[in-house]
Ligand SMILES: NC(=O)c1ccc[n+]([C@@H]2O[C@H](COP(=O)([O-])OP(=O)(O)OC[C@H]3O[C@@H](n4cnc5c(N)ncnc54)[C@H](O)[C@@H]3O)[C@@H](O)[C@H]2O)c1
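Given as structure tokens, the chain that follows is alone and in the form predicted on its own.
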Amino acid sequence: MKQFKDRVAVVTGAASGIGRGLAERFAAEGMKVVLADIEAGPLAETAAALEAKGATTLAVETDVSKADQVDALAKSTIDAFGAVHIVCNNAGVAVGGLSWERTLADWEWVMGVNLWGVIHGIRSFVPIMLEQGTEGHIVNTSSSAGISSSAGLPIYTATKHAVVALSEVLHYEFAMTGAKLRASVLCPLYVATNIVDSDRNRPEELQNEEAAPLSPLKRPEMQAAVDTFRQTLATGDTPAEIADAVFTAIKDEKFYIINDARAKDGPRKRLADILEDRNPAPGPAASSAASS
């Protein structure tokens, strides 16, 4: 895409973190911005802040894990603005622990937001964008955890790997069908967001019955890694810096968006292990950055 002024961008998870950074960046380019988030208060505050700077916005409270709500988001977008040109499937959550210790509710919650949220975004918006026949771009937020693996974030890592694969397939499909649409996948390393506190948005029906679910990251070395991870997040790139990288990738039709060269160490080692037919060596626990 080269034209942005008066075009329409949809961002999920737009009330905080990377999502808010994206919304602010698109608004700065003169785009109309549809803000989707499950947090009503911060969503309204974000919309008001953008409008105070002259942006045209539409705020739609949305649980991206629900297909009907994402369909409603798409309908609201078209009803308000008549078109959609950029869709950022960005909403994400995380929970730590060991894979066999996590509850079914943990799996359903994180898979619902991180993976099904992207699936719903593709299914709801791509047909509309194809019918428009105009240039457009889909950006799916994965993570450095989507291109490498480590102990401590099993559900998050599984969803983010799936988002990378799905995004690659989408890229191939657009090329195969001659669509005017393009796709990118965002795989950031450390970003200063509040995703470590994403449990604040966990729906009541997917809460764990126990106040302290099982024994999350009970091993001292894993707990130390998670504590370090929390501290490191705060020193990572800002959402605004990530948004700049995303905007540049959309202009340049760049698929992989990686903000830190260190994020390439994991996939480089993983590919070498595969090609050399050797077992993967254990990496540091919870070393990949959660995003969104």
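Only a predicted model underlies this, so the values are computations on that prediction, with no experimental measurement involved. A residue's number is simply how far along the shown sequence it sits, counting from 1.
Omitted from view is the form predicted together with the named molecule, to which the following refers.
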The single option of D252, E241, E39, E29 touching the named molecule in the predicted complex, heavy atom within 4.5 Å: E39
Position in contact with the named molecule when the complex is considered in the predicted complex, options N201, N208, S76, S149, heavy atoms within 4.5 Å: N201
Please tell me whether any heavy atom belonging to S142 falls inside 4.5 Å of a heavy atom of the named molecule, as the geometry stands in the predicted complex. yes
State yes or no: in the predicted complex, is some non-hydrogen atom of N194 no more than 4.5 angstroms from a non-hydrogen atom of the named molecule? yes
Since only the chain is shown here, I'm wondering whether F125 would be in contact with the named molecule in the predicted complex (any heavy atom pair within 4.5 Å). no
Contact label in the predicted complex: L58 to the named molecule, heavy atom within 4.5 Å: no
Stretch from 154-162, 175-183, 78-86, 96-104 whose residues place a heavy atom within 4.5 Å of the named molecule in the predicted complex: 154-162
Since the partner is left out here, which residues of 110-136 would have a heavy atom within 4.5 Å of the named molecule in the predicted complex? V113
